[in-house]
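Encoded as structure tokens, the following chain is the form predicted alone, with no partner shown.
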């Protein structure tokens, strides 16, 4: 068998890559090892309004469970900072339904989706990827787009490293019969809650929520049970689902001879939140553009396919850099300092200023709001009083300010 292009993986990045290739007239086969698209569902499922528009996905009751207008962040000692927006900023989505929606888009565009089919290895001929080997034998292709996820078995087999730094243990569950504020996502900080990251509560309706956390500890389930008890008291929840959460940024190289890496396997997730649907999808679009150009030029060499890396870096490089700087700094702040920072923000009366900065900012392209906060005179005062001048100088240095 043969195809012009093969996509490995039926998550959002793979499905968007398949959709974009097929819509440009490329014969594409997309392989997913599970028999059902969207399963297992391992995601907090918070997607921005702007992000969906960038991915050319219209909001639909088919996959939207709740609208989000703001959020509350809690310091380790429980001090809250509220950001209440005047408009819908994001959606809580049913990720299984969302992925099936993307699959429908891909098939409507002409992509062939092959489910229950695990790609066992990449076919390599004369030092270039020339297809894949799966359940039904070899399938030749001019180019392969690897969207296999964090494990990166295929990428590693040809010398391209999957994410190795900043890989956290993520876990998610759903609770019902609980009190949650509609439209407001909660973020909980603290080494006792989620060392190295945070816990979250995403409202799904009047009395239900999706809750989870990511942490550097291997005891994610124990921490989740502890958090649920702290937040809700005695409550039942669905069986928790585990998955890796990435905060380390992109891998060193995302292309090879006849091969592109897209999505989690390329580390294309937001270091601040671990979210990968939007950035992975945007990179999938750039991958499809590069593949189409390469096929027209009859040149799927690494040199030609390197244009993909140039393209996504031009689009998202500044965002990755800014978010990595913010993540490195946040990881280096003790719980005591985080408590002081939250306390200073509240006592200074700058919650409204922070709310305005976030309201004017972009949930996905976060470099603008981060830089605005670090150059605002009032915010600088808060940072100095709570963190110290040396820490502020370090933070501003990370942003080249």
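Positions refer to the first chain, counted from 1. Owing to the predicted nature of the structure, the values given are computational and were not obtained by experimental measurement.
Just so it is clear, the following notes concern the form predicted together with a small molecule, a form of the same protein that is not shown.
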| query | finding |
| --- | --- |
| Listed range touching the small molecule, judged in the model of the complex by heavy atoms within 4.5 Å, from 220-228, 293-301, 78-86, 167-175 | 167-175 |
| Listed residue (69, 356, 346, 34) with a non-hydrogen atom within 4.5 angstroms of the small molecule in the model of the complex | 34 |
| 4.5 Å heavy atom contact, residue 154 to the small molecule in the model of the complex | yes |
| Close approach of residue 117 to the small molecule in the model of the complex, 4.5 Å, heavy atom | yes |
| In the model of the complex, residue 28 touching the small molecule (heavy atom, 4.5 Å) | no |
| Residue 269: touches the small molecule in the model of the complex, heavy atom cutoff 4.5 angstroms | yes |
